[in-house]
Every structure is written in C-alpha cells, then in structure tokens.
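A single chain, nothing else alongside it, follows as structure tokens in the form predicted alone.
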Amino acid sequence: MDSDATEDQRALLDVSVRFMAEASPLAMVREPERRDAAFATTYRNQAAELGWFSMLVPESLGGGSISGNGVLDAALIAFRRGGLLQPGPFIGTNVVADAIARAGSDRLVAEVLGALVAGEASAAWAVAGAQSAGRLDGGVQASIGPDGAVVLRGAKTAVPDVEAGAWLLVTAASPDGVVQAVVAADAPGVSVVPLESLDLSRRFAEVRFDEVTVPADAVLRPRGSIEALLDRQLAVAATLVAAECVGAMEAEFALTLQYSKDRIAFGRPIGSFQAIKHVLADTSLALELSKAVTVAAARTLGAEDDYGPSAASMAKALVGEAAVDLAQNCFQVFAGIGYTWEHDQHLYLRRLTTDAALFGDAAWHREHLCQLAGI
C-alpha cells in the first residue's frame, strides 16, 4: 500500500515502524501491561511526537501533514499499525481532531484540539448505538436548552479505546436533528463500562450518559450541513479502519505464505500442492485489490473531492469482506497449528473480523452508498 510513498512519507513510516516495534511488539498483544493507563499515556505521547495526530489538522491550528494530503499520510500510518496489531485510539483521535478543526468553537480548538495534537489526551467517536438500526445518532437522545447547552441521555456501544481522561465526540438525536457534542469521559453522569471483545489487541466499552450537560461551546457547529460533517467523519473513520485492516491482511498473508514454504508434507512444501496454490493466488489478488481501493479512497478524501465519502464506503465494503475471506483462507492453510493460543494467526483473525464490522460492515456501507447517490 505504501509502494508509491514519497521520500518524506517513507521517512515517517520508517521511524514509526521502529517506534511500534520497540513500544508494542507483536509478542506483547497478549500481555496485560499493554492495557494499563501508564502504557497508554507513554505510547500516545511518543506517537504524538511523530505527528500521528496532527495530519488532519490545518497548520494554522497547530497541525500539518507530510505530503499535503493528511488522510493519505494517516492511512499509511494506519496500514503499518494494522500489520503490527497496534493498540490505542489512533483512528478515534484523528476523526475527532478533524471534526473539531472543521466545526469546533474557539474553546474546543484551544483546549481540546491542542491537547489531541500534542498527545496530552486522546479521543473516541461515540457513534454506535445498540439496536439503532445503524443510525449514527442512535442510542443517545439530546435536548437543547435556550442557551444552546445540550443534555445527553442514553448509551453508545462498542466505542473503541476509551482511555482515562479521553474526550468523546457524541453523535446524538434531538427534536431539531442530529447534534454532536464533545464531552470528557470522566464528566459527571458519564459511565464507561468495559466490554469483552473478540479482538485482543483493542479495548471496547459501552459509554452511558445520564443527564449529562454539555455547554453550548462544546457543541460542533459546522459551516455547512451537519450531514456533510457526518459523512466526512464516517469517511475518515472508514478509510483509516480499512487501511489498518489491509495492514493486518498483508501481515497475515505473509505469515501464511512463509508457512506454506516451510511446512513439509509427503516430502514437499505444502505450498507446492495445487489446491494450496489456488487458495494463495486468490487470496493475494484480494489483498492487492484491497490495497488499491484503500489508497484510492484516501487520496480522494484527502483531496477534498466530493466523491471522497463514496470512495471511502466502497473501500470499507470491499476490504471488510475480503479481510474475513483472507483470514479464513489462511486458517485453512495453517490447519491445526492456527487454532493454538501460542500462534499469532488467531490474533489477526480476531482483528480482521472486528475491523470488518467497525464503523459499519459491508452491507451497511453499500446501503450508505445508495443514500449518498440519492437512490
């Protein structure tokens, strides 16, 4: 996916990969230390020094990207993160930073955006509501007072990587339409309930809001329509998830390909058998298609092209299905060894299966494409 990266992008990727390999190697995925607050803070601070959270923020607000296309730069980092199954709210922090940069008040820009870019705090987009039929504003209701303050009640589920002291961008329904508010995860009335997850490399939580009051200057007010801002947020999240997913796919396929060369059966490598060759060839094609569509989505969205949200949903739909197929195909090649706890295969299977559903599965994004096209 990074074959066409510029010299500057490659320099950033090289130093980022070294950082990830030292701070959170694959062998640490099963370790509880990777889930504590001290590790999360140290990891986030070091990542911020590399510019991980500034790429979607304009230079005038303290951000800046390597190539001028912040989404593409962030997608390349996400690609490498996926291959090493990295933890932390990389996607959520970038989505929230981009939203605040576009529609936040002066206070949000000064207090929240600056902290996110500097790695002093993280953020998560609380968007999924249980039994809300895929509505972005489902699960939480908002009432708006005469002074513009908002009161939130309800719950969002499967919110990824809500760290201690994080900021939450909450998408809620109100009588006047969709409302988006930024609230601290430790604010009065906010409860973060950890959830068990298939993915061992991430943490998920249900976030409950019990009459949480949010001041008027913590409500996002886009210059255009709220729908356009939501489409942008969803597109950024979908593109970065797809990029992380493709990174995990490539690493999973590399493991499988090497195993097919090393594993000997009936006096020859199993990769030399025709049935295995066909599986690997089909899987390789799906991987290359996934890379191409994800890069295209990142380039288009980062160029502020109106087609960006559609390209992002196309990428998320294609990659989501291809990832699950790839993981299952690789499982067939590994056979019994892939089912063991000690083998890394199941870690990738867990990540890819979760990525396929995160921020909308393939069916949801195809329906969203129809809505974007007015069908």
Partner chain sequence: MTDTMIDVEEFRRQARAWIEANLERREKVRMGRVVGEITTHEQIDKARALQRQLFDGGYAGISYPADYGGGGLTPAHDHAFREEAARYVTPDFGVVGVVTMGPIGRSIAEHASPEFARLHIPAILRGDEIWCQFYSEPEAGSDLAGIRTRATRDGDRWVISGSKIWSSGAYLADWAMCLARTDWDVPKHRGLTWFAIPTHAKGVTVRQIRQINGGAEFCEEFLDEVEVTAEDVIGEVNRGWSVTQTMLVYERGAGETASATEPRNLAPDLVALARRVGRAQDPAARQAIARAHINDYAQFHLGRRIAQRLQGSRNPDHAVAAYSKLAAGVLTPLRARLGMEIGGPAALAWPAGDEVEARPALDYLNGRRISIAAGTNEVQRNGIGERVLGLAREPSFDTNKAFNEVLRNARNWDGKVG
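Residue numbers count along the first chain shown, from 1. Since this is a predicted model, take the numbers as computed values, not measurements.
Omitted from view is the form predicted in complex with its partner chain, to which the following refers.
Put simply, of Ser143, Ser272, Ser197, Ser132 only one has a heavy atom within 4.5 Å of its partner chain in the predicted complex, and it is Ser272. Proximity to its partner chain in the predicted complex, defined as a heavy atom within 4.5 Å, singles out one entry of Ile264, Val193, Ala254, Ala281, which is Ala281. This chain is displayed without its partner chain, yet in the predicted complex the stretch 311-319 from 333-341, 47-55, 25-33, 311-319 comes within 4.5 Å of it by heavy atoms. Although the partner is absent here, Arg10 sits far enough away that none of its heavy atoms falls within 4.5 Å of its partner chain in the predicted complex. For the chain shown alone, Asp305 is a contact residue for its partner chain in the predicted complex, at least one non-hydrogen atom being within 4.5 angstroms.
Its partner chain in the predicted complex is not approached by Val15, whose heavy atoms all lie more than 4.5 angstroms from it. At least one heavy atom of Lys291 is located within 4.5 Å of its partner chain in the predicted complex. Contacts to its partner chain in the predicted complex (heavy atom within 4.5 Å) from stretch 358-372: Ala363, Arg366, Glu367, Leu369, Cys370, Gln371.
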